[in-house]
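Single chain ahead, by itself, as structure tokens, in the form predicted on its own.
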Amino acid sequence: MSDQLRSLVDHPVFVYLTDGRTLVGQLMGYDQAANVILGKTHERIFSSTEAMKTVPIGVYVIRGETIALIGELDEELDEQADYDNMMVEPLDPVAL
């Protein structure tokens, strides 16, 4: 996976972790084990009873083995989403 991350460096990414958490940030770097460093990171917390919450984190290091999904975030589409009124079930943890 680390070779595929090269094109995402310095771009905004969406990361879904195996424990069910969702992170958004700028990919600053990675290593051969697919450990990644995100900058300007924030966690998105979803709930079926209240609007999505955003928790700022800053710089964040993620172990590669905890990443279920990572991909480039389309900032234009992301800005159009009405997160203030979005209520959805949180994603379940993933067993890999």
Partner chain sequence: MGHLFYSFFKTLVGQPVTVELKNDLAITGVLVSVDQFLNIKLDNIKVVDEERYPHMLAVKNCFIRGSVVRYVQLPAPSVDTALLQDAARRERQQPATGARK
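Residue numbers count along the first chain shown, from 1. All values reported here derive from a predicted model rather than from experimental measurement.
From this point on, the text means the form predicted in complex with its partner chain, which you will not see here.
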ask   = Does its partner chain come within 4.5 Å of any heavy atom of E50 in the model of the complex?
value = no
Practice item. Report whether the minimum heavy atom distance between I37 and its partner chain in the model of the complex is within 4.5 Å. Key: no
Residue-level contact is defined here as any heavy atom of the residue lying within 4.5 Å of its partner chain in the model of the complex; does I62 satisfy this criterion?
no
| message | I'd like to check something about D84: if you look in the model of the complex, is any of its heavy atoms closer than or equal to 4.5 Å to a heavy atom of its partner chain? | response | no
